[in-house]
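Below are two forms of the same protein chain, given as structure tokens: structure 1, then structure 2.
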Structure 1
């Protein structure tokens, strides 16, 4: 008697603990985790945190941001690559770790094809900044100087083997200028070096440079974007100036490969709603984050194009990992 009635309970308990294959109807039945491969406080982190807060409203479960910093975002990416594709683990990707690092280092995974993009949330523009009283009034001045005296100009970049490093290398290739790279730890340190006059120009994102620009300390010469940025409306794009350089630091959500389509759809819908939510838009506006939606397919294409574009310029003389 006891045995007979006990069995289903045991089975049910077993099922509960082991977890039957994720069911789209019940999804999500536990908190969803967004992995950020960088320390709290940066652009990637802020994008994740601002959307996570709103998305939990539409998913009915908490959406938690977990920072797994290290190796220019690769540690976080590797973690999600190895995660169970059940829709409960997402990665913020599209920047350095996806389109730049693979050109400098051998990775255990293919950052473009081993992930399933969900959507793009924002783009962080990449800008060329100089001191407000710098002798180079325009990007063309800077390029001319870089061509005339190769290697004389110093450029502050945030980290070696990242997107900003790649931006300088692509620009060098497309314009013919040659500069000396000085890598700093993170955007703030790079901008501090520029503000202190220790480098001739610096690569930074407009949201990071915002305070210094407002203070009249530094100015933006150009962006490597496709169109002008609302944060830096006076800065031309390199394309406008006639140079074929296009690099954006894209930030979006990606899933490990193999998430069931129904669950992916559910996530995509919820995060799209969160993206359209006025609360998210207001937060993004205040943080000077340029939100820019792309759906799964277009995001994948955009990442691939960026990856290839950087690869063309970086591959030949890239530092080789032993």
Structure 2
């Protein structure tokens, strides 16, 4: 028979041992929220909504997408970092808030190690877009203008300190051009500014710009990817043009650190089923999302590699073009 003084400890241990599997079995018992740190209409938002609509049928609960734009994705990331690690709050990460912003300002969290990657959903190429009637017919034309008249060209980007900011900064260093940056809250706003003639060129993804390209309003001069985009097959990469620039915008799901392994596995299984679902594939094709799955471990490695690459490129002492 247990002594009275030791009973609470024994009961607590028993509850802890038995409660975890029960909680994992019952999960989820309420709606799951996916946080997007950017405005509606951009690539991050598209990726989140496309997979959320399908994942709900594999989780048995609604999967709700909430936009918390601001500070180049950091407001949304901070929200998820502070969230209870119970599996009910996820973040779409892998872009600005994860691999770029930390090189420009100090954050309250480590974007690589303070979240648990769940899976990568897609890769967004990063493109240089101009109006269809722009006088710059090629990327080399744009670079020549940026070298001839430093600071005269204006570039629309999704937030200061973000991945698009890093793309322009790295390109400036590798080509010798110089431009003036005009920040917006997301890809949709950036492209609207370009279409309205408020900036000379915009940094955006092919899926974000697809409708404007098809309407004949804008065109892509080049991409910062390693290979051409199936959506923009005629746009060369900067590497093809001889410039050592490589930046891709990854989009995937991450969790706050500390979510129980069994719950994390349930989420991983459900979202992988959603990723493989014909409904998601059809939506991704319609929206021109370049889906590219990586599991938790490989997604973490890919994030770390891009983080380190951007960090090396944006350092003040990084090599510059003559």
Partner chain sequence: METLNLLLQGFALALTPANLIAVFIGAFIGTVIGVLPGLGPTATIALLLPITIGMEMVTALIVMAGIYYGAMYGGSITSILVNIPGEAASVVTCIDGYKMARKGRAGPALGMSAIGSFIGGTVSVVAVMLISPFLAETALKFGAPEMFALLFFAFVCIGGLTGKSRVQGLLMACFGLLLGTVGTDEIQGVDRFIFGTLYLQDGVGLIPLAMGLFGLGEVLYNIEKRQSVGEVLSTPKGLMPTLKDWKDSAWPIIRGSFLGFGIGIIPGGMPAIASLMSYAVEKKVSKHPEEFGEGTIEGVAGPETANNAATAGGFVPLLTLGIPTNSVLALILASMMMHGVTPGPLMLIKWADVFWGVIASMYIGNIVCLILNLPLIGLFVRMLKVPYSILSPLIIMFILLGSYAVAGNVSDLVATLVFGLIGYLMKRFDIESAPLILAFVLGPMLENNLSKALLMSRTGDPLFFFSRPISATLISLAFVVLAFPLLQWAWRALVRPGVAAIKPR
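Superpose the two forms; the largest set of C-alphas matching within 1.5 Å is the rigid core. The model shown is predicted, which means the values in this text are computed figures rather than measured ones. Positions refer to the first chain, counted from 1.
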| item | value |
| --- | --- |
| Between structure 1 and structure 2, the form predicted alone | 2 |
| Chain position at the hinge linking the two rigid parts, options 280, 124, 159, 166, forms compared between structure 1 and structure 2 | 124 |
| Hinge rotation between structure 1 and structure 2 - smaller rigid part turning relative to the larger, in degrees | 19 |
| Rigid-core-fitted C-alpha displacement of residue 148 between structure 1 and structure 2 (angstrom) | 8.5 |
| Rigid core superposed, the C-alpha shift at residue 180 between structure 1 and structure 2 in Å | 5.6 |
